[in-house]
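The chain below stands alone and is given as C-alpha coordinates, in the form predicted alone.
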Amino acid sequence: MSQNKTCVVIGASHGGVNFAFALRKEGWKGAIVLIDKDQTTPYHRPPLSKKYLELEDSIQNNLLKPLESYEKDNITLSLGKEVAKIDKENKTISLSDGTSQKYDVLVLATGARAFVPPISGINKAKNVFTLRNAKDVEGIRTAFHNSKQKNIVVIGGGYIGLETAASLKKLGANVTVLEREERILARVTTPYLSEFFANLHKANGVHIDVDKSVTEIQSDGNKNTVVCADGTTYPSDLVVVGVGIRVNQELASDIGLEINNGIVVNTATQTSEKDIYAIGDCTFHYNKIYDVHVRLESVQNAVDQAKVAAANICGKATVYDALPWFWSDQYDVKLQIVGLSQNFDSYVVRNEGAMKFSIWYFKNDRLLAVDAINNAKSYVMGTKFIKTEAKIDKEKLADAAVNIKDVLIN
(Lines give C-alpha, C1' and ligand atoms only; values in the text may rest on other atoms or scores of the structure.)
Protein backbone atom coordinates (compact mmCIF):
# COMPACT_ATOMS: atom_id res chain seq x y z
CA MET A 1 0.00 0.00 0.00
CA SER A 2 2.63 2.54 1.07
CA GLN A 3 5.64 0.86 -0.53
CA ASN A 4 6.36 3.62 -3.05
CA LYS A 5 4.83 6.52 -1.13
CA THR A 6 6.48 9.27 0.89
CA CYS A 7 5.23 10.78 4.11
CA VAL A 8 6.79 14.13 4.96
CA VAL A 9 6.61 15.59 8.46
CA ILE A 10 7.25 19.29 9.03
CA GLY A 11 8.46 19.68 12.60
CA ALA A 12 10.71 17.26 14.48
CA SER A 13 9.77 17.82 18.09
CA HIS A 14 7.65 15.53 20.30
CA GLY A 15 4.73 15.27 17.88
CA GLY A 16 6.72 14.85 14.68
CA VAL A 17 9.25 12.38 16.03
CA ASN A 18 6.70 10.20 17.82
CA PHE A 19 4.53 10.24 14.69
CA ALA A 20 7.38 9.07 12.46
CA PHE A 21 8.16 6.06 14.64
CA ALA A 22 4.47 5.28 15.18
CA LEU A 23 3.87 5.39 11.42
CA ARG A 24 6.61 2.85 10.82
CA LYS A 25 5.23 0.68 13.63
CA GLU A 26 1.74 0.81 12.08
CA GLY A 27 3.14 -0.71 8.90
CA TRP A 28 4.07 2.18 6.60
CA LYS A 29 6.56 0.75 4.08
CA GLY A 30 7.43 3.91 2.18
CA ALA A 31 9.79 6.78 2.90
CA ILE A 32 9.42 8.95 6.00
CA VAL A 33 11.11 12.36 5.97
CA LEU A 34 11.34 14.60 9.06
CA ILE A 35 12.09 18.26 8.34
CA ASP A 36 12.99 20.83 10.99
CA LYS A 37 14.84 24.14 10.95
CA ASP A 38 16.56 23.28 14.24
CA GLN A 39 19.97 21.77 13.46
CA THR A 40 20.08 19.72 16.66
CA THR A 41 19.02 16.07 16.82
CA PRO A 42 15.42 16.20 18.18
CA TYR A 43 15.33 16.58 21.94
CA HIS A 44 12.96 16.75 24.92
CA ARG A 45 11.50 20.25 25.38
CA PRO A 46 10.10 20.30 28.95
CA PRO A 47 13.56 20.07 30.63
CA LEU A 48 14.69 23.25 28.85
CA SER A 49 13.25 25.49 31.57
CA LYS A 50 14.05 22.98 34.30
CA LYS A 51 16.91 20.46 34.51
CA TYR A 52 18.60 21.38 31.23
CA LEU A 53 18.94 25.01 32.30
CA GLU A 54 19.54 24.28 35.97
CA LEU A 55 22.07 21.45 35.66
CA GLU A 56 23.64 22.71 32.42
CA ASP A 57 23.31 19.22 30.99
CA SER A 58 24.30 18.35 27.44
CA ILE A 59 21.42 18.31 24.98
CA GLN A 60 22.81 14.96 23.81
CA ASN A 61 21.62 13.50 27.11
CA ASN A 62 18.07 14.73 26.40
CA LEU A 63 17.42 13.34 22.92
CA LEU A 64 13.96 12.03 22.05
CA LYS A 65 15.54 9.08 20.23
CA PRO A 66 19.16 8.02 19.72
CA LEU A 67 20.42 8.93 16.27
CA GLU A 68 20.81 5.25 15.35
CA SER A 69 17.08 4.71 15.95
CA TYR A 70 16.26 6.86 12.93
CA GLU A 71 18.63 4.81 10.79
CA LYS A 72 17.20 1.54 12.11
CA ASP A 73 13.63 2.57 11.23
CA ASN A 74 14.71 4.14 7.93
CA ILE A 75 13.53 7.62 8.91
CA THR A 76 15.30 10.48 7.16
CA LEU A 77 16.20 13.45 9.36
CA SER A 78 16.45 16.65 7.34
CA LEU A 79 17.60 19.16 9.94
CA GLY A 80 18.60 22.80 9.65
CA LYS A 81 16.15 23.31 6.81
CA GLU A 82 13.14 25.60 6.78
CA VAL A 83 10.05 25.06 4.66
CA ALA A 84 9.33 28.10 2.49
CA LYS A 85 6.21 26.94 0.68
CA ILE A 86 3.80 24.04 0.25
CA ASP A 87 2.32 23.30 -3.18
CA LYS A 88 -0.68 21.13 -2.32
CA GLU A 89 -1.76 20.66 -5.95
CA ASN A 90 1.57 19.15 -6.95
CA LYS A 91 2.28 17.77 -3.46
CA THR A 92 5.66 19.43 -3.30
CA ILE A 93 7.45 21.27 -0.50
CA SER A 94 9.94 24.04 -1.32
CA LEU A 95 12.75 24.53 1.17
CA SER A 96 14.61 27.74 1.97
CA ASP A 97 17.86 26.32 0.54
CA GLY A 98 16.27 26.05 -2.90
CA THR A 99 15.64 22.30 -2.83
CA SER A 100 12.24 20.61 -2.93
CA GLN A 101 10.61 17.47 -1.55
CA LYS A 102 7.68 15.50 -2.95
CA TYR A 103 5.10 13.95 -0.65
CA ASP A 104 2.07 11.69 -0.82
CA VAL A 105 0.98 12.40 2.75
CA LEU A 106 1.98 15.51 4.68
CA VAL A 107 1.92 15.93 8.47
CA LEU A 108 2.18 19.38 10.02
CA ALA A 109 3.81 19.24 13.44
CA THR A 110 4.86 22.88 13.30
CA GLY A 111 4.18 23.67 16.95
CA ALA A 112 4.47 27.24 18.18
CA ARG A 113 7.04 29.95 18.77
CA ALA A 114 7.58 32.29 21.69
CA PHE A 115 5.64 35.55 21.54
CA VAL A 116 7.78 38.67 21.84
CA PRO A 117 5.57 41.59 22.95
CA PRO A 118 5.96 45.03 21.33
CA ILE A 119 8.00 46.50 24.18
CA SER A 120 9.96 49.61 23.24
CA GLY A 121 13.66 48.83 22.88
CA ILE A 122 13.29 45.06 23.19
CA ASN A 123 14.76 44.35 19.75
CA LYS A 124 17.82 46.52 20.38
CA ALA A 125 18.67 45.41 23.90
CA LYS A 126 21.33 42.76 24.43
CA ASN A 127 20.85 39.64 26.52
CA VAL A 128 17.08 39.45 26.05
CA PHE A 129 15.89 35.89 25.54
CA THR A 130 12.81 33.77 25.07
CA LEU A 131 12.94 30.11 26.10
CA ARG A 132 11.67 27.77 23.43
CA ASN A 133 14.63 25.73 22.20
CA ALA A 134 18.13 24.56 23.10
CA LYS A 135 19.74 27.57 21.43
CA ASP A 136 17.74 29.87 23.72
CA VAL A 137 19.00 28.00 26.79
CA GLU A 138 22.59 28.14 25.60
CA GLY A 139 22.24 31.91 25.13
CA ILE A 140 20.84 32.34 28.63
CA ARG A 141 23.64 30.22 30.10
CA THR A 142 26.34 32.24 28.36
CA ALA A 143 24.86 35.59 29.35
CA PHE A 144 24.40 34.39 32.91
CA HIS A 145 28.02 33.27 33.30
CA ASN A 146 29.32 36.47 31.70
CA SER A 147 27.31 38.71 34.03
CA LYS A 148 28.83 40.01 37.25
CA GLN A 149 25.78 41.02 39.28
CA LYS A 150 23.60 38.21 37.93
CA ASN A 151 20.43 40.30 38.14
CA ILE A 152 17.75 38.62 36.04
CA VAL A 153 14.28 39.87 35.19
CA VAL A 154 11.69 37.33 34.03
CA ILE A 155 8.77 38.95 32.22
CA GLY A 156 5.71 36.75 32.69
CA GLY A 157 4.43 34.84 35.70
CA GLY A 158 3.07 31.77 33.91
CA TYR A 159 4.48 28.27 34.27
CA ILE A 160 7.40 28.79 31.88
CA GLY A 161 8.40 32.03 33.58
CA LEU A 162 8.18 30.50 37.04
CA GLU A 163 10.07 27.34 36.08
CA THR A 164 12.80 29.47 34.54
CA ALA A 165 12.94 31.68 37.64
CA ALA A 166 13.30 28.63 39.89
CA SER A 167 16.10 27.14 37.78
CA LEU A 168 18.05 30.40 37.58
CA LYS A 169 17.66 30.96 41.29
CA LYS A 170 19.21 27.56 41.92
CA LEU A 171 22.18 28.71 39.83
CA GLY A 172 22.64 31.68 42.18
CA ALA A 173 20.93 34.47 40.27
CA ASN A 174 19.06 37.44 41.73
CA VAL A 175 15.67 36.90 40.09
CA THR A 176 12.68 39.21 39.76
CA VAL A 177 9.44 38.05 38.10
CA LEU A 178 7.19 40.74 36.64
CA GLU A 179 3.55 39.78 36.00
CA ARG A 180 1.05 42.02 34.22
CA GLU A 181 -2.00 40.52 35.95
CA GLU A 182 -2.97 40.96 39.60
CA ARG A 183 -1.51 37.55 40.45
CA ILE A 184 0.80 34.98 38.89
CA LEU A 185 -0.87 32.13 36.96
CA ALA A 186 -4.03 34.27 36.84
CA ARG A 187 -5.24 32.85 33.53
CA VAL A 188 -4.78 29.18 34.36
CA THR A 189 -5.59 28.50 37.99
CA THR A 190 -7.26 29.58 41.24
CA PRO A 191 -6.06 32.34 43.58
CA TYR A 192 -5.27 29.56 46.07
CA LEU A 193 -2.64 27.94 43.83
CA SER A 194 -1.34 31.34 42.70
CA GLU A 195 -0.72 32.30 46.33
CA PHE A 196 0.99 28.97 47.01
CA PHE A 197 3.47 29.41 44.17
CA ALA A 198 4.02 33.08 45.00
CA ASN A 199 4.92 32.12 48.56
CA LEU A 200 7.09 29.24 47.33
CA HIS A 201 9.16 31.56 45.16
CA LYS A 202 9.44 34.21 47.84
CA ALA A 203 10.64 31.58 50.33
CA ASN A 204 13.36 30.67 47.83
CA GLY A 205 14.45 34.26 47.40
CA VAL A 206 12.71 35.18 44.13
CA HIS A 207 11.11 38.62 44.08
CA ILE A 208 7.66 38.72 42.45
CA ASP A 209 5.91 41.95 41.46
CA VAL A 210 2.38 41.83 40.04
CA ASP A 211 0.33 44.50 38.23
CA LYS A 212 3.49 45.32 36.30
CA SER A 213 3.11 46.11 32.62
CA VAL A 214 6.54 46.37 30.99
CA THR A 215 6.67 49.25 28.50
CA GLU A 216 10.36 49.65 27.72
CA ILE A 217 13.77 48.05 27.96
CA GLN A 218 16.57 50.61 28.11
CA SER A 219 20.03 49.33 27.29
CA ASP A 220 23.54 50.54 28.06
CA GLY A 221 26.03 48.10 26.62
CA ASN A 222 25.27 44.72 28.19
CA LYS A 223 23.22 46.28 30.97
CA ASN A 224 19.44 46.64 30.70
CA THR A 225 16.84 48.55 32.65
CA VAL A 226 13.30 47.20 32.51
CA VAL A 227 10.75 50.01 32.75
CA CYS A 228 7.11 49.49 33.75
CA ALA A 229 4.03 51.61 33.05
CA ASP A 230 3.87 52.77 36.68
CA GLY A 231 7.41 54.15 36.46
CA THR A 232 9.19 51.42 38.40
CA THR A 233 12.51 50.24 36.99
CA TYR A 234 14.51 47.05 37.34
CA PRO A 235 18.22 46.79 36.47
CA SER A 236 19.11 43.53 34.77
CA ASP A 237 22.05 41.69 33.29
CA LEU A 238 19.67 39.59 31.25
CA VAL A 239 15.95 39.42 30.59
CA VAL A 240 13.89 36.30 29.93
CA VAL A 241 10.53 36.84 28.21
CA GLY A 242 7.88 34.21 28.91
CA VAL A 243 4.52 35.75 28.06
CA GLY A 244 3.01 33.18 25.73
CA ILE A 245 3.29 31.71 22.26
CA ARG A 246 2.14 32.18 18.70
CA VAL A 247 1.04 29.16 16.67
CA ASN A 248 3.12 28.29 13.62
CA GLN A 249 0.15 28.16 11.27
CA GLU A 250 1.37 30.33 8.41
CA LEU A 251 2.24 27.44 6.07
CA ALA A 252 -1.21 25.96 6.63
CA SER A 253 -2.93 29.30 6.15
CA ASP A 254 -1.04 30.00 2.91
CA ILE A 255 -2.48 26.86 1.27
CA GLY A 256 -6.02 27.53 2.47
CA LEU A 257 -6.34 25.04 5.31
CA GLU A 258 -9.03 25.87 7.83
CA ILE A 259 -7.62 27.98 10.67
CA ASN A 260 -9.28 28.79 14.00
CA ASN A 261 -6.95 29.35 16.94
CA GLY A 262 -4.64 26.90 15.19
CA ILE A 263 -4.92 24.39 12.37
CA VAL A 264 -8.37 22.81 12.50
CA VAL A 265 -8.34 19.00 12.48
CA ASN A 266 -11.02 16.35 12.84
CA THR A 267 -10.96 13.48 15.34
CA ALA A 268 -8.59 11.60 13.02
CA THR A 269 -6.18 14.62 13.10
CA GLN A 270 -6.93 15.25 9.42
CA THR A 271 -7.03 18.86 8.19
CA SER A 272 -9.48 20.26 5.66
CA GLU A 273 -7.18 18.78 2.97
CA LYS A 274 -7.52 14.97 2.91
CA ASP A 275 -3.83 14.14 2.47
CA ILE A 276 -2.61 16.65 5.06
CA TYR A 277 -2.71 15.94 8.80
CA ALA A 278 -1.70 18.12 11.75
CA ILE A 279 -0.68 17.22 15.30
CA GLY A 280 0.49 18.86 18.50
CA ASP A 281 0.53 22.45 19.75
CA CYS A 282 -0.53 23.85 16.39
CA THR A 283 -3.88 22.03 16.22
CA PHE A 284 -7.39 23.16 17.13
CA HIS A 285 -9.25 19.94 17.78
CA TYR A 286 -12.39 18.50 19.32
CA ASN A 287 -12.21 17.06 22.82
CA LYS A 288 -14.94 14.49 23.31
CA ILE A 289 -14.68 14.43 27.11
CA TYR A 290 -15.48 18.14 27.47
CA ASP A 291 -17.48 18.56 24.25
CA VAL A 292 -15.38 21.57 23.22
CA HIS A 293 -12.79 22.49 20.63
CA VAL A 294 -9.43 23.32 22.17
CA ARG A 295 -5.79 23.94 21.35
CA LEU A 296 -3.41 22.39 23.88
CA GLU A 297 0.25 23.09 24.54
CA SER A 298 1.39 19.79 25.99
CA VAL A 299 3.67 16.87 25.24
CA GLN A 300 0.84 14.46 26.04
CA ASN A 301 -1.41 15.96 23.37
CA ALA A 302 1.36 15.92 20.77
CA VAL A 303 2.26 12.28 21.45
CA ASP A 304 -1.33 11.05 21.57
CA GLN A 305 -2.27 12.86 18.36
CA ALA A 306 0.86 11.45 16.71
CA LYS A 307 -0.31 7.90 17.39
CA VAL A 308 -3.83 8.65 16.12
CA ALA A 309 -2.51 10.23 12.92
CA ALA A 310 -0.18 7.30 12.24
CA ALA A 311 -2.97 4.76 12.68
CA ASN A 312 -5.38 6.63 10.42
CA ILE A 313 -2.83 7.17 7.67
CA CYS A 314 -2.24 3.41 7.67
CA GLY A 315 -5.95 2.75 7.27
CA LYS A 316 -6.75 1.93 10.90
CA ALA A 317 -9.64 4.21 11.85
CA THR A 318 -8.81 5.75 15.23
CA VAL A 319 -10.43 8.63 17.12
CA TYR A 320 -8.57 11.09 19.33
CA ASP A 321 -10.35 11.23 22.70
CA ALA A 322 -7.57 11.60 25.27
CA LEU A 323 -7.92 13.24 28.68
CA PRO A 324 -5.38 16.10 28.82
CA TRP A 325 -2.69 16.20 31.48
CA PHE A 326 0.19 18.53 32.27
CA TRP A 327 2.92 19.05 34.87
CA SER A 328 5.31 21.64 36.26
CA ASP A 329 8.42 21.21 38.42
CA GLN A 330 9.57 24.14 40.56
CA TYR A 331 12.22 23.66 43.26
CA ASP A 332 11.19 20.47 45.09
CA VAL A 333 7.53 20.86 44.21
CA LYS A 334 5.79 18.78 41.53
CA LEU A 335 2.47 20.00 40.19
CA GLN A 336 0.44 17.45 38.24
CA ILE A 337 -2.67 18.58 36.39
CA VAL A 338 -5.32 16.37 34.85
CA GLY A 339 -8.28 17.67 32.88
CA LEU A 340 -9.35 21.12 31.74
CA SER A 341 -10.61 23.49 34.43
CA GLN A 342 -12.01 26.17 32.11
CA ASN A 343 -15.52 27.30 33.00
CA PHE A 344 -15.41 25.80 36.51
CA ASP A 345 -17.89 27.38 38.92
CA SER A 346 -16.52 25.97 42.19
CA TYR A 347 -13.48 24.23 43.58
CA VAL A 348 -12.55 22.17 46.62
CA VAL A 349 -9.16 22.21 48.32
CA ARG A 350 -8.06 18.96 49.91
CA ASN A 351 -5.19 19.73 52.31
CA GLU A 352 -2.99 16.84 53.32
CA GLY A 353 -0.04 18.92 54.53
CA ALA A 354 1.67 22.27 53.95
CA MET A 355 3.35 20.99 50.80
CA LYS A 356 0.84 18.31 49.84
CA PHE A 357 -2.64 19.21 48.66
CA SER A 358 -4.96 19.12 45.67
CA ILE A 359 -7.53 21.41 44.09
CA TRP A 360 -10.62 19.85 42.53
CA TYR A 361 -12.54 21.88 39.93
CA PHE A 362 -16.27 21.43 39.35
CA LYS A 363 -18.92 22.64 36.93
CA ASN A 364 -22.14 22.17 38.91
CA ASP A 365 -21.45 18.69 40.32
CA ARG A 366 -19.26 17.44 37.50
CA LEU A 367 -15.55 17.07 38.18
CA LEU A 368 -13.56 18.85 35.45
CA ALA A 369 -9.95 18.82 36.59
CA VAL A 370 -7.51 18.31 39.45
CA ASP A 371 -4.33 20.21 40.36
CA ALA A 372 -2.19 18.03 42.62
CA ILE A 373 0.79 19.37 44.56
CA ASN A 374 3.24 16.62 45.60
CA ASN A 375 0.24 14.33 45.57
CA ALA A 376 0.37 11.57 42.97
CA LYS A 377 -2.52 9.71 44.56
CA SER A 378 -4.95 12.59 44.10
CA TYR A 379 -3.75 12.97 40.53
CA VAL A 380 -4.34 9.27 39.79
CA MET A 381 -7.72 9.17 41.51
CA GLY A 382 -8.79 12.42 39.89
CA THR A 383 -7.96 10.95 36.50
CA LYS A 384 -10.09 7.92 37.25
CA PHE A 385 -13.00 10.01 38.57
CA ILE A 386 -13.04 12.27 35.51
CA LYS A 387 -12.95 9.36 33.08
CA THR A 388 -15.77 7.54 34.88
CA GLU A 389 -17.81 10.74 35.48
CA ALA A 390 -17.94 9.82 39.16
CA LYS A 391 -20.20 11.75 41.52
CA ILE A 392 -18.27 13.19 44.44
CA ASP A 393 -19.30 14.30 47.91
CA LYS A 394 -17.54 17.66 48.14
CA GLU A 395 -17.67 17.81 51.94
CA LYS A 396 -15.96 14.45 52.25
CA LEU A 397 -13.46 15.46 49.57
CA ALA A 398 -12.46 18.53 51.57
CA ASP A 399 -11.81 16.40 54.67
CA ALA A 400 -8.34 14.89 54.35
CA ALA A 401 -9.22 12.45 57.14
CA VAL A 402 -11.63 10.74 54.74
CA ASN A 403 -9.97 8.20 52.46
CA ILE A 404 -10.11 9.56 48.93
CA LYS A 405 -11.63 6.30 47.75
CA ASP A 406 -14.60 6.99 50.05
CA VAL A 407 -15.58 10.39 48.67
CA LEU A 408 -17.85 8.96 45.97
CA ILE A 409 -21.63 9.24 46.08
CA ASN A 410 -23.15 5.81 45.50
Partner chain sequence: MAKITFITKDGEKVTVEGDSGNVMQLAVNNGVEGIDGDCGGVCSCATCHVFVAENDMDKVGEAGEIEADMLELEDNVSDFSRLCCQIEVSEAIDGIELTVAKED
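Residue numbers count along the first chain shown, from 1. Not measured: the values here are computed from a predicted model.
The discussion below concerns the form predicted in complex with its partner chain, not included here.
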*Using the partner position in the model of the complex, report whether residue 379 sits within 4.5 Å of its partner chain, counting heavy atoms only.*
yes
_Under a 4.5 Å heavy atom criterion, is residue 27 part of the interface with its partner chain in the model of the complex?_
no
*Non-hydrogen atom contact residue 68 with its partner chain in the model of the complex at 4.5 angstroms*: yes
*If you check in the model of the complex, is residue 383 within 4.5 Å of its partner chain, heavy atoms only?*
yes
_Of 329, 138, 181, 216, the one that lies within 4.5 Å of its partner chain in the model of the complex (heavy atoms)_ = 329
*asked:* I need to confirm a contact call. Of 113, 170, 223, 334, which residue comes within 4.5 Å of its partner chain in the model of the complex, counting heavy atoms only?
replied: 334
*Candidate stretches 357-365, 27-35, 343-351, 57-65 - the one whose heavy atoms come within 4.5 Å of its partner chain in the model of the complex*: 57-65
*asked:* Suppose contact means any heavy atom within 4.5 Å; which members of 283-322 contact its partner chain in the model of the complex?
replied: 299, 303, 307
